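Okay, so here's just one chain, in structure tokens, the form predicted on its own.
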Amino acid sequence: MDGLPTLQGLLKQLQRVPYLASKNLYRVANHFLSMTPEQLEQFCRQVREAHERLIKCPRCCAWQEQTGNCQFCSSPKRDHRLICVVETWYDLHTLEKSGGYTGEYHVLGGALSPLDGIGAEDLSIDRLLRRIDGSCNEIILAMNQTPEGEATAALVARALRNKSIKITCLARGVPVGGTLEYMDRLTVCKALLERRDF
């Protein structure tokens, strides 16, 4: 590989892409190198257009078209009394695909992770606090069930403590269709602690 500086340069750029596992670098590089010039041009054009035309909504921080309104904040069909707080826009996308939520969203832009250099100041918590007014009556904390997600949820809950607003979080425990035999101990423990009336 040392005799292929162009390939080394491509691999170096791919290493800068977050969440791209190092074992997949060669596969991704091979995919790009195997594209026809037309396919490569279309791919690059689409990435460039997305970079130029998409902005974060100044209110909820979800991606939106520069020339339009946020599909969540401006929709009259959404329940503006509810705000679901998520870590990322793809968490928002997952919740939206479920079809079970019709309120507004707020995207924090990540989760607390001191090892990765992400602190409270890197998240859009201040923007969340500014948008809460008398019309909002519930904040749903929908962070991932990871140590970072739990710490982020606790931080947001503390920031909201002076607001007279209901704070809830997603239910945790046994998933629909799940079998207790295959659940990890923490999931079973959470399910028992957070049991509800039948």
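Numbers for residues come from their place in the sequence shown, where the first is 1. Not measured: the values here are computed from a predicted model.
The same protein also exists as the form predicted together with a further copy of the same chain; that form is not shown, yet it is the one meant from here on.
Residue in contact with a further copy of the same chain in the predicted bound form (any heavy atom within 4.5 Å), chosen from Leu170, Ala157, Val47, Ile165: Val47. Heavy atoms of no residue among Val174, Tyr182 and Cys189 are located within 4.5 Å of a further copy of the same chain in the predicted bound form. Although the partner is absent from this view, Arg130 stays clear of a further copy of the same chain in the predicted bound form, with no non-hydrogen atom inside 4.5 angstroms. Among heavy atoms of Trp89, some come within 4.5 Å of a further copy of the same chain in the predicted bound form. At the 4.5 Å threshold, heavy atoms of Ser74 stay clear of a further copy of the same chain in the predicted bound form, well away from it. Contact check for Gly178: every heavy atom lies farther than 4.5 Å from a further copy of the same chain in the predicted bound form.
Residues Tyr26, Arg27, Val28, Ala29, Asn30, His31, Phe32, Leu33, Ser34, Met35, Thr36, Pro37, Leu40, Glu41, Gln42, Phe43, Cys44, Gln46, Val47, Arg48, Glu49, Ala50, His51, Arg53 are the ones in 25 to 53 with at least one heavy atom within 4.5 Å of a further copy of the same chain in the predicted bound form, listed in sequence order.
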